[in-house]
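One chain is shown next in structure tokens, namely the form predicted alone.
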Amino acid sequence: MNMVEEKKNISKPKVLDVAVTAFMIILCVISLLPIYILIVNASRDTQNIINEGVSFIPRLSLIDNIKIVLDWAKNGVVKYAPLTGYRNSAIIAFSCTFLTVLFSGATAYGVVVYDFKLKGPAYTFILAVMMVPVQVTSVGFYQFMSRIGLTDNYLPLIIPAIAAPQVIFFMRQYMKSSFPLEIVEAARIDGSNEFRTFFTIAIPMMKPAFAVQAIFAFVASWNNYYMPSMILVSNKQHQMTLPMMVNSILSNEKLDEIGAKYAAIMLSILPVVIVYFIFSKFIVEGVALGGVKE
């Protein structure tokens, strides 16, 4: 009887593991399916998309669709220059990513390591700011940038990346769960100043957190259409980001080549997908450690 009960107890975790694994596989498929369909549609011609609807089988029209998009740009039908768009988006995305992870990491480090009277209220204020949608402040932000003459400029799209409360929140949670404060005290005893301690000890130990937040910040900045379209009001092609160029294609109702539109979208997300898959291991490690409760 005891042997039977033991076998039942052993089988229960196995069944649970199988169920959890199956559920995770389903979530993975649901997450990747839209990207796969996008790639498939980019390889199909318009007639095939209209006649067959959704398809999971890639076709051979990808090169032709890309050529159609480039012909639109060459003939001035749309404002689309892939290399220029990649360059502009890269300038903004890499700059925002660097500022976000550096200053947010430094802020989280200060909140965790230092003890001061307003430590609690300061962190509460950061959480309150995190809950305010960007759309609420966008009108005032644009008016302010217009008054000081910074429209049609990349600075309003880059400098605000210094203040990223959601990244500060994640960094703090990560440090609370996996950053020993004794190391900071030991560094101080050895004569290390605060900046040296942060850059040579804290940052290497927080590498997974910095990596995962850098990826998220890069993806968010690369895909950002709302703020660039609001600040770059002149819509000059040499200033436009890649999402703005893609939008000029998608919003043009006179263009009826659906496959070519999918190809333009695919080209715009290609760098994000590559970066994401290269650093995916940091995402798993960073989220797992950063999600530990205090």
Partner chain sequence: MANRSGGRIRSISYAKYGYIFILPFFLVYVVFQLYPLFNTFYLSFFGNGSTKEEWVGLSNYQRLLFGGADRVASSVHETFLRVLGNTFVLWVGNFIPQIILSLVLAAWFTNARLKIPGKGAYKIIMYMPNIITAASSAALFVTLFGDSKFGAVNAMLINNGIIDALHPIQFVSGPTQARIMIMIIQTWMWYGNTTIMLMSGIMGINGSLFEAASIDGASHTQQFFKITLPLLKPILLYTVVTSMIGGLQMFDIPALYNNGTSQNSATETIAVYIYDNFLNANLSNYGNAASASVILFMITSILGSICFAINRDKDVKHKKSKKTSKLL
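Residue numbers count along the first chain shown, from 1. This structure is a prediction, so every number in the text was calculated from the model and none was measured.
There is also a form predicted in complex with the partner chain; it is not shown, and the following applies to it.
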Interface stretch in the predicted complex with the partner chain - options 70 to 78, 204 to 212, 90 to 98, 122 to 130, non-hydrogen atom within 4.5 Å:
122 to 130
Can you tell me if Ile57 lies within 4.5 angstroms of the partner chain in the predicted complex, counting non-hydrogen atoms only?
no
In the predicted complex, Pro165 touching the partner chain (heavy atom, 4.5 Å)
yes
Can you check whether Ser229 is within 4.5 Å of the partner chain in the predicted complex, heavy atom basis?
yes
Using a 4.5 angstroms cut-off on non-hydrogen atoms, would Asn247 count as touching the partner chain in the predicted complex?
yes
So which of Phe179, Tyr86, Tyr109, Phe170 reaches within 4.5 angstroms of the partner chain in the predicted complex, heavy atom to heavy atom?
Tyr109
Going through 14 to 52 from first to last, which residues have a non-hydrogen atom within 4.5 Å of the partner chain in the predicted complex?
Leu16, Asp17, Val20, Thr21, Phe23, Met24, Ile25, Leu27, Cys28, Ile30, Ser31, Leu32, Pro34, Ile35, Ile37, Leu38, Asn41, Ile50, Asn51, Glu52
